[in-house]
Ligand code: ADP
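Below you'll find only one chain, the form predicted alone, shown as structure tokens.
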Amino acid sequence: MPRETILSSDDSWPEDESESTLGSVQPERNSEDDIALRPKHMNEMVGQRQVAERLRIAVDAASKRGEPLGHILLDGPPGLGKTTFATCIPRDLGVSLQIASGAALAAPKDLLPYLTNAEEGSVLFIDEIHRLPKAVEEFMYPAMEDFRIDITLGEGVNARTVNMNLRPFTLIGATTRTGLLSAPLRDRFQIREHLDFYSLDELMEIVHRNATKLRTVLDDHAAQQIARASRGTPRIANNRLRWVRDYATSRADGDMTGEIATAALDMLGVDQLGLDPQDRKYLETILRVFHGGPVGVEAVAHTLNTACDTLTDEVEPFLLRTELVVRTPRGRKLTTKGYEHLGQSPPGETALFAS
């Protein structure tokens, strides 16, 4: 059975910047590496302004009416703030929070402790909710709609069903794969929000703020270099910032300038667009082996000796979003921008976009 986390408004909250910390609360330590980078309230958040504004209205209305907040579904790529919203909302409401993982809830009995321990108006956050088994998902339906659950006691002819009422609570679900959620479960969320990637200015502001939290100083040029290499994702920006800080501490007496940031990112193998060595190897393979495409992802995966899922789930999304690669019915092809990023001259426009 998964461990549970129950926090009142006066307790300590999970502060690690990773969205994968579930079912436990680590006490704050004095080390700089453990300083919290995550905002504590929604008004402290940078980016996702429209989403934050709509959620603030819902939170304010629920507080004024003295009612539980409606169930919320947050979706979007990893690292964009789903867990941050899920921890800020109960803080703003002044209620307790429980955290669970969809993958860890293997059977309805695993969900029982969370539901029975839920306080009036409290929040239950389930990360990767699309990984809930069908039986657990169906067990949640009456809990979400009517705040009750049906428990079967005994087996065979001696079995009996007990109806248990629950205290009204708010379920917040986070997922990176909305399409894997069943329609009945999606429809039971009154509020559904999609989180998108962050702009360069928003990432620069995040880098400056978190540099202050890490008790270090960097100039605008360094912040811009880090932001450009962050793929529109705050989590990656935090990771890049920590690396540049470590590099500056080791090689430049802590002086975080634009030149130092560039040198640190070069050592990491990250270019100005945020491409890492694996991304560039993918592009170079299509260019060198398959003459720019079109080529099927399986052929590229076999050439790179990499699993197809790794390319489709980790590598291709960012390359497609930055328009370096396109998907066609015949396979993947480099775009003009992709050729230029590799320092090559693209073929004629007709040949490039023919399908």
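Residues carry their position along the shown sequence, with the first being 1. In this text, all values refer to a predicted model and were calculated from it rather than measured experimentally.
Not on display, but discussed next: the form predicted in complex with adenosine-5'-diphosphate (ADP).
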- [ ] Work out which of Leu37, Ala62, Leu55, Leu311 lies within 4.5 Å of adenosine-5'-diphosphate (ADP) in the model of the complex, going by heavy atoms.
- [x] Leu37
Task: Selected contact from Met140, Ala100, Ile206, Leu132, since only one has a non-hydrogen atom within 4.5 angstroms of adenosine-5'-diphosphate (ADP) in the model of the complex - done: Ile206
- [ ] Decide whether Val244 counts as a contact residue for adenosine-5'-diphosphate (ADP) in the model of the complex under a heavy atom distance cut-off of 4.5 Å.
- [x] no
Task: 4.5 Å heavy atom contact, Arg228 and adenosine-5'-diphosphate (ADP) in the model of the complex - done: no
- [ ] Mark Ala223 yes when one of its heavy atoms lies within 4.5 Å of a heavy atom of adenosine-5'-diphosphate (ADP) in the model of the complex, and no otherwise.
- [x] no
Open item on the list: I'd like to know if Gly254 sits close to adenosine-5'-diphosphate (ADP) in the model of the complex, meaning any non-hydrogen atom pair within 4.5 angstroms.
Closed with: no
TODO: Could you tell me which stretch in 303-311, 321-329, 283-291, 39-47 has residues with non-hydrogen atoms within 4.5 Å of adenosine-5'-diphosphate (ADP) in the model of the complex?
DONE: 39-47
Open item on the list: Going through 220-239, which residues have a heavy atom within 4.5 Å of adenosine-5'-diphosphate (ADP) in the model of the complex? Please give them in sequence order.
Closed with: Pro234, Arg235, Asn238
